[in-house]
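Shown here is one chain on its own, the form predicted alone, set out as structure tokens.
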Amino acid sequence: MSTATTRPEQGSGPRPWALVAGGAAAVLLVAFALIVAERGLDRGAGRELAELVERHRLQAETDGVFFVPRVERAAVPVDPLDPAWESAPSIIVKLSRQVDAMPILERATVSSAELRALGDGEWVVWRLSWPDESPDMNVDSGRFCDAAALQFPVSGEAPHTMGDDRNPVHILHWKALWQKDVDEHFQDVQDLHPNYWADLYWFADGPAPYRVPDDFSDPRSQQWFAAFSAGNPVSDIYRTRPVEELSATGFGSLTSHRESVSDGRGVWRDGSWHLSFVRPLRTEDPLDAQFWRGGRGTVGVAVWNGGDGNVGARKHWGFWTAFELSP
């Protein structure tokens, strides 16, 4: 089975495990036809395009492939709680505990996640939702945050186990801790331990206790942040996005991209996480997975429950799920 994203003329075969919400997709296709008309296209051209999209949707449904509709850019919801998501097609991705590499996940706490997606012909937004009784958004010794990831094969027969030497994968990784960094401020020791006190930091500005990064604008004060000074992306004190892009060629090969064009946002509400991943269909980066209008591809899902000790290889994950983008 090919897991590479394919151009429209290279559509892959049936995948019976993929579920398609045809009714919801049909509603969005009707809306798409109306948008085409509003943009000034003649009625015949608008009807022809709508019929093409409908044929792709029906073929995807027949093949058991998750269909990603195309709507007007302004109608693509980036907020994971946007009511527009309720009318988007959805698929339930079954998850299992990772037991192929050490350290394995001893106990599963997340059995499935719901995946939805919409695009506008240039960008695609994925929404991932899964149940979690309480949000875990900080880290400490023996304490981990919630997280999730989507992975896409860059080319070839990439296995779902993070690819291999000949078939790399492209990963979009979100962490609840990073979301809190973006939404509030960089999460420092004082956020977990209010009585923490440091009476001296060389070259720091302002009075103690010092806040990171506000009181460390002087480059000389940052040299004590060993990981940040070494360029470790996990220790970025100026983070502006809660999502990072990575590549992998198997277990133990995860590598962060220097440049990232993807973004996202995660919100915990009423016992569940709802997370959006936003990325363009095409990029100039050879490490990125590329997509085409009307093309097919596959996506893998991973979820970490920080409150249950999930971190690194201790995760829940699913096999590849086939999808098709609207023309």
Partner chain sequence: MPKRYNWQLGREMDYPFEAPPPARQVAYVFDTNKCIECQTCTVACKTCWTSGKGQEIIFWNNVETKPYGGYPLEWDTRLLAKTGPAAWKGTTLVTPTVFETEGDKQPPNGHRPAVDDYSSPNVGEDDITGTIEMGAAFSGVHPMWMFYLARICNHCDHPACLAACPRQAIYKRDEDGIVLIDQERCRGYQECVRACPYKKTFFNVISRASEKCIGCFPRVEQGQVALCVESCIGKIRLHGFLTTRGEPRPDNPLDYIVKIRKLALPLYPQHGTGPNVYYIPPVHVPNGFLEQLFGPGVEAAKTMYRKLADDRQLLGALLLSGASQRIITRFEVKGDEVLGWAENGDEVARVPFTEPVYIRKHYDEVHNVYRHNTT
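Residue numbers count along the first chain shown, from 1. This structure is a prediction, so every number in the text was calculated from the model and none was measured.
Another form, the form predicted in complex with the partner chain, is not on view; read the next lines as being about it.
Exactly one of the stretches 70-78, 147-155, 126-134, 206-214 approaches the partner chain in the predicted complex with heavy atoms within 4.5 Å, and it is 206-214. Not one of Thr249, Ser272 and Val301 comes within 4.5 Å of the partner chain in the predicted complex, counting any heavy atom. Taking non-hydrogen atoms only, Ala108 never approaches the partner chain to within 4.5 angstroms in the predicted complex. Contact annotation for Trp85: none of its heavy atoms lies within 4.5 Å of the partner chain in the predicted complex. For the chain shown alone, Ile92 is not a contact residue for the partner chain in the predicted complex, no non-hydrogen atom being within 4.5 angstroms. For Thr240, no non-hydrogen atom is located within 4.5 Å of the partner chain in the predicted complex, even though that partner is not displayed.
Interface residues of 95-121, taken as those with a heavy atom within 4.5 Å of the partner chain in the predicted complex (partner not displayed): Val99, Asp100, Ala101, Met102, Pro103, Ile104, Glu106, in sequence order.
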